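This document opens with one chain alone, in structure tokens, the form predicted on its own.
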Amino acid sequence: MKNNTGFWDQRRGKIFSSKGGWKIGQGIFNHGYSMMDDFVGKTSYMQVVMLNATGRLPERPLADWVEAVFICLSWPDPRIWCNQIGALAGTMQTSAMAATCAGTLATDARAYGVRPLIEGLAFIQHACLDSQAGKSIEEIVLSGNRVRRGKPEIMGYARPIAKGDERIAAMERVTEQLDFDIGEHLTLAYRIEDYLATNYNESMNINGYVSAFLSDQGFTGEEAYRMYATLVSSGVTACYVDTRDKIPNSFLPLRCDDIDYQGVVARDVPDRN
């Protein structure tokens, strides 16, 4: 069987990009735009972030809405798992870059962080199709969702520690201030919340709100995930700075007897002399 290596041979020693790049003497281009002429001083940084994540340049109000979510989810609280990594990196005197990248990477998990947006958008978009097909809210909630401790487990609803979500109220204000309509997905998200509140004493969380809003704006879960890849980075950096400027190793220090060692029992090290 003859190996067809033509595709790879054409790319050997060359770098190809369908997005853009720097053309010496002409400019720096991004998805057909001149970054120096079309963006600098004319668009927000978040508009460019969204362009790079989705291939589409959004209007400023939508980029401002997306940016507001960054503020909602990047707190300087070292108790949050990703921020704790930043704080630990600071107390170990690492660089700000290493700390921020490590803490941000920790949000790439299914249960918490940025990746749940993929599942959140998938749920509300599928639920919207079911609603259009005539399914009731009860059918949408109970079909296909895992039940845990007597409650349906739906991405975008419930919160592990507290009831309710103060970030939704903040984003509702932003939605109104930027003059966005309440679309079909967000309307359905509220109806699902009402059902869960009545029957299970649970409510929507910020993931559910963001997922529904972005679905109304035509985004996919993967696009949302890409846009918010660095969502927590500012809070991680803040926690790094907090411990970096204090006595080294003073953040969450451990005693030897704090460690529940379950390995091989203690043994003597043979004398090699």
Partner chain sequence: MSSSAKPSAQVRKRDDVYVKRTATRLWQELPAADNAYITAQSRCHGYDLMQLMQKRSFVDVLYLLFRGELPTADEASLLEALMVAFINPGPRHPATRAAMNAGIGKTDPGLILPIALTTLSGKHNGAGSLEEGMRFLRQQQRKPAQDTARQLLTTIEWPAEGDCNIAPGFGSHYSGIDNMSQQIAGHLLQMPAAGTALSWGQQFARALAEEGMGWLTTGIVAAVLTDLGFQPRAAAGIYQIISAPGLFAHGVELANKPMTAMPFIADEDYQIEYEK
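In this text, rigid core is short for the largest set of C-alphas that superpose within 1.5 Å between two forms. Numbering follows the first chain given and starts at 1. Please read these numbers as outputs of a predicted model, since none were measured by experiment.
FYI, the form predicted in complex with the partner chain isn't displayed, but the following is about it.
Under a 4.5 angstroms non-hydrogen atom cutoff, the partner chain in the model of the complex lacks C72 among its neighbouring residues. Remark: G32 counts among the residues lining the partner chain in the model of the complex, judged by a heavy atom distance of 4.5 Å or less. Heavy atoms of R159 reach within 4.5 Å of the partner chain in the model of the complex, making it an interface residue.
The closest heavy atom approach of I168 to the partner chain in the model of the complex falls within 4.5 Å. With the partner omitted here, the stretch from 61-69, 24-32, 42-50, 210-218 that lies within 4.5 Å of the partner chain by heavy atoms in the model of the complex is 24-32. Relative to the partner chain in the model of the complex, residues W8, I15 and A197 are all within 4.5 Å by at least one heavy atom.
Screening A122, V141, L105, M92 for any heavy atom within 4.5 Å of the partner chain in the model of the complex leaves a single hit, L105. Taking a 4.5 Å heavy atom cutoff to the partner chain in the model of the complex, the contacting residues in 247-267 are P253, L254, R255, C256, D257, D258, I259, D260, Y261, Q262, G263, V264, V265, A266, R267. Core-superposed comparison between the shown form and the other one: the Cα of Y261 travels 2 Å or more.
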